[in-house]
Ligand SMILES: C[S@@+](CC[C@H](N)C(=O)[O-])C[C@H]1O[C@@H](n2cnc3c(N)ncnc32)[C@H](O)[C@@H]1O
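Before any questions on how it binds or moves, here is one chain, the form predicted on its own, in structure tokens.
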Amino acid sequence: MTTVTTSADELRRRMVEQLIHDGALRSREWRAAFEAVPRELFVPSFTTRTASEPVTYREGDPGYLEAVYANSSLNTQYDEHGTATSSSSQPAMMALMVEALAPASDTLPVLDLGTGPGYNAALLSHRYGSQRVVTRDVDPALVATAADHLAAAGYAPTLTVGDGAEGCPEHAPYGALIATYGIGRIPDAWRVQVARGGNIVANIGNGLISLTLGDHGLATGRFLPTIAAFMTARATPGNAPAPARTYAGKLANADGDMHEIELPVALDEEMPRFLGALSQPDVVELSLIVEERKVYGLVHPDSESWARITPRGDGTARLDRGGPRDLWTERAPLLRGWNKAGKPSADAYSLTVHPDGRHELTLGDARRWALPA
């Protein structure tokens, strides 16, 4: 029996055609970048999740190239809890984000935060030229490995090590900034370091945002329609926050005040999670089964505040809560506003980041919410 092996070039071409078909890849320039950059040079080994379990691939393994060019996130590093801390992001998400970039000029550099394996920096280097790309990661080992990957692919952007929340002041100002990790709020350094007329493309909460720098230091923009959640930012390479599952046992057995509430929305929908993450970036959200019923949990680790919501079939729920913060009451107004507005998608919402750090969420012309710091 003859085995037919598909080449990396053919698999890359198919990936690009699929991204175009799905609407993630639109412009000629970015199509050329995705066609030119060999993703396999950046992920010689990785783990990806199938329908049943994670699978690890190494260069030369059966199915390796097919996995490289699947529309999947490829995890390349894990922390002590088994949580991924570096990956080559899902190509569709990468395409959506780079397509949203709108640099202020053809000469200013573009800042790439979250270097990881270096694939995104390579795409940016192909599109803008290596001399206009600065990439930064908090982990020096990742930066060193990415440098090797980029050199093998023929690209030489400026690589730096540091906390992405600080931007990269030594090479500012930037025409645009892209961050491929999750954040709760836009750091002030990003707004300061991007030139007027340029933009910031980032994953905030469970949404993708494109913010344009305008007059008086305001950064304003609309969310993209796609819901997405990247791995969260790390201030140091060794920072390994406890994953959500860590809190499941304590939350299931916690005793607190009991209340009866009406649920404005179904909590397992994407948009309630999107809005909840925006309203409470410091709160861990999880679901669990308690006495054969699905329960939704909220935990604020620093204050030891928690909420356990057990929905019923009639639109009501039992709320058990404890700690100094009333976590459900904090997030409920955004959920009610979304329901009252007819349950619009994420791109109906706009965000304004003020020079004093205030984040203001807007829906239409009349509904505005000040997001807590």
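The structure displayed is predicted, hence computed values, not measured ones. Start at 1 and count along the sequence shown; that's the residue number.
Form predicted in complex with this ligand: not shown, discussed below.
Using a 4.5 Å cutoff between non-hydrogen atoms, residue 86 counts as a contact of this ligand in the predicted bound form. Looking at residue 285, you'd find every heavy atom of it more than 4.5 angstroms from this ligand in the predicted bound form.
Residue 162 belongs to the set of residues with a heavy atom inside 4.5 Å of this ligand in the predicted bound form.
Using a 4.5 angstroms limit between non-hydrogen atoms, residue 223 is distant from this ligand in the predicted bound form. Of the candidate stretches 252 to 260, 273 to 281, 138 to 146, 199 to 207, only 138 to 146 has residues with heavy atoms within 4.5 Å of this ligand in the predicted bound form. Residue in contact with this ligand in the predicted bound form (any heavy atom within 4.5 Å), chosen from 233, 195, 244, 228: 233. Only one of the listed residues (128, 296, 181, 174) places a non-hydrogen atom within 4.5 angstroms of this ligand in the predicted bound form, and that residue is 181.
Contacts between stretch 83 to 122 and this ligand, counted in the predicted bound form as any heavy atom lying within 4.5 Å, involve 85, 86, 87, 88, 89, 94, 114, 115, 116, 117, 118, 119, 120, listed in sequence order.
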